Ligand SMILES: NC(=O)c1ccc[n+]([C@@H]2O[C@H](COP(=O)([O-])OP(=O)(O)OC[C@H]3O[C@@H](n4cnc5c(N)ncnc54)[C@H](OP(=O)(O)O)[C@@H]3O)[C@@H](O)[C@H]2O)c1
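Single chain ahead, by itself, as structure tokens, in the form predicted alone.
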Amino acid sequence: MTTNTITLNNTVHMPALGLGVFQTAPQETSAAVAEALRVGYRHVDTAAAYGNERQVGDGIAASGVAREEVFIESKVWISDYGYDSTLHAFDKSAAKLGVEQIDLFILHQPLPSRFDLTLDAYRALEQLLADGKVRAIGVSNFMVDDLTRLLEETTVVPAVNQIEVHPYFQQPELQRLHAQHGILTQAWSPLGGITSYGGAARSTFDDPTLTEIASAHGKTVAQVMLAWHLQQGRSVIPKSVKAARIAENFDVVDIELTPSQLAAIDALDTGVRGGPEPSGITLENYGMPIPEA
């Protein structure tokens, strides 16, 4: 197995494994990004709502890695939905990142309570794609009904839907819909860290099935989970600010899980979401201004 590139549905090549920076403090972000690029990562995932796009850009600049070698992914927050607002959201993100073109630009949430704004926002992404300002477009946290409606009412099939996927929450129905339309499943919280928030009783890192498989391969549980995702064709964006962990997460090239091991991990699905219910994300509860560049 390798952690090379995935070809998106518009023929753009994207590194399958990237560094995530969700909840990474701005003051730690640039160093984490620079370290990841030193290790060999060539994909960084951020978002306007994370408040660290500028530091992602700083980290890329400080790394010495050429801009064209780094795949940059960012997201539009719900407060900037609507056609003109989303066009401006690109301008804000690009300026903070210090780039003229963003490789993958996606909508952060479906916003079912104002899906008209969601559709207008996606149409703005389509325009950005047509204008060459982005290389690919997509969505995040869209459920089956959200994605079905989007496909019915817009022109460009999303290249990616970034959703919560880990051994304890796998969303198989949604993943099947992705496969039917050539949409890449990109896993956030791919290691199931979300399951540990709030003191949950179960942690993927202590799961006996995963620890047994990790022991058999002489690898860590985290590395096994990443290999599981990658062997099944998903993109993953594990986050860390620790140099050792950043390197560990990247060192999964030589792991080849057996069919029975893959099936054993598949069987761990609880169907219990760790993150917020996408339908509960509303402008009233989660709206916040995204600062200008």
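One-based numbering along the sequence shown. Model, not experiment: these values are computed from the prediction.
Another form exists, predicted in complex with this ligand; not displayed. Remarks below refer to it.
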query: Partner-facing stretch of 79 to 87, 97 to 105, 174 to 182, 139 to 147, counted where any non-hydrogen atom is within 4.5 angstroms of this ligand in the model of the complex; finding: 139 to 147
query: Listed residue that, although this ligand is not shown, lies within 4.5 Å of it in the model of the complex (heavy atoms), from 240, 231, 30, 63; finding: 240
query: Residue 38, heavy atom within 4.5 angstroms of this ligand in the model of the complex; finding: no
query: Any non-hydrogen atom of residue 71 within 4.5 angstroms of this ligand in the model of the complex; finding: no
query: Contact of residue 67 with this ligand in the model of the complex (heavy atom, 4.5 Å); finding: no
query: Interface membership of residue 119, this ligand in the model of the complex, 4.5 Å heavy atom rule; finding: no
query: Interface residues of 6 to 38 toward this ligand, as seen in the model of the complex [heavy atoms, 4.5 Å]; finding: 20, 21, 22
